[in-house]
Ligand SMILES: Cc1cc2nc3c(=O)[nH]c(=O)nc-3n(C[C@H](O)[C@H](O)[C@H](O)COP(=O)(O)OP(=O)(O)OC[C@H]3O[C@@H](n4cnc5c(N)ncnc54)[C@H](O)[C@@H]3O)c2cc1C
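Before any questions on binding or motion, here is one chain by itself as structure tokens, the form predicted alone.
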Amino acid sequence: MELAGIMDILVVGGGPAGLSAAVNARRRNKRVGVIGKEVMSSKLWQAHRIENYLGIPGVSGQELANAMRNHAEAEGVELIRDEIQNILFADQLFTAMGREGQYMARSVILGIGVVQEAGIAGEERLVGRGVSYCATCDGMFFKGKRVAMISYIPDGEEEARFLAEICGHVVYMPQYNLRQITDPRIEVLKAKPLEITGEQKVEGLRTADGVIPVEGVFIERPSVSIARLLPDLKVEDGVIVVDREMCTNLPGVFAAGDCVGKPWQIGKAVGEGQIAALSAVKYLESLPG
């Protein structure tokens, strides 16, 4: 599926903040597209029981996630699964570049959750020299070789299975509560990655138990770094700086949810998503023409 034409508001991130923003913008008759790397925030999806969401205590994360997504679809929100790599602004329009397509909008709301920057020793230094963030893009470079997949979200399981079709051996290191992988071609190792080793190229992956020899390391995180997404966006202490109207330092760009700081709570994300939507609508109404 593609989002044809120009959106009024493009929401990046399909968690509670993003879907709340989308629903509230649709209620004001704006054309809204939501693009997310995940079908729904894995953080919410994996919650066994939620007791502090007003009005519906005891709901499971999966139930609440499904209800939010169904609500958005019923309102006419256009949903697409893709990972936005960067966002450009020119001629009064934002162009979001994804792995699967390009999307244009008059305004943008970021609901990208907690953004994890490069945090493994050796990772940044070895990007492009054995460290990759896209198995589909770079998997063929490691045909027949031994690789590791470090994943912070369940989507990494699909990437690991893809690599297993190509590579000689795949070590899967989930950094979340993995239920099960039954593919015999994948070795599951529940350990924390401490360092990616190698001088000119990746040679291994160090954990508390020693170094695992690999020639490639793939890393799957919920979202790309803010610096890659929007280089001029103001960020302090790892979170996007916004005012009380959820406006960023960039006109036409708004943010809500975990990416703007603690507390990381569903109620806060939903409320901020609503405010961001109202601010985006106000911004659109101020545009000429």
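Start at 1 with the first residue shown and count on from there. Throughout, rigid core stands for the largest set of C-alpha atoms superposing within 1.5 Å between the two forms. What you are looking at is a predicted structure, and each value in this text was computed from that prediction instead of being measured.
FYI, the form predicted in complex with the named molecule isn't displayed, but the following is about it.
Listed residue that, although the named molecule is not shown, lies within 4.5 Å of it in the model of the complex (heavy atoms), from D138, E83, E215, D155: By the 4.5 Å criterion, the partner-contacting residue is E83.
Quick check for you: of 175 to 183, 147 to 155, 125 to 133, 75 to 83, which stretch puts a non-hydrogen atom within 4.5 Å of the named molecule in the model of the complex? That would be stretch 75 to 83.
E220 versus the named molecule, in the model of the complex: is there a non-hydrogen atom within 4.5 Å? Taking the distances in the model of the complex, the answer for E220 is no, it never comes within 4.5 Å of the named molecule.
Please tell me whether any heavy atom belonging to N52 falls inside 4.5 Å of a heavy atom of the named molecule, as the geometry stands in the model of the complex. Taking the distances in the model of the complex, the answer for N52 is yes, it comes within 4.5 Å of the named molecule.
Would you check, heavy atoms only and a 4.5 Å threshold, whether I35 touches the named molecule in the model of the complex? Result yes; I35 sits at the interface with the named molecule in the model of the complex.
Considering non-hydrogen atoms and a 4.5 Å limit, does the named molecule approach I266 in the model of the complex? Taking the distances in the model of the complex, the answer for I266 is yes, it comes within 4.5 Å of the named molecule.
Across 235 to 258, which residues bring a heavy atom to within 4.5 Å of the named molecule in the model of the complex? Stretch hits, in order: A256, G257, D258.
Compare the position of the CA of I153 between this form and the one not shown after a rigid core fit and state whether the shift reaches 2 Å. Shift of 2 Å or more: yes.
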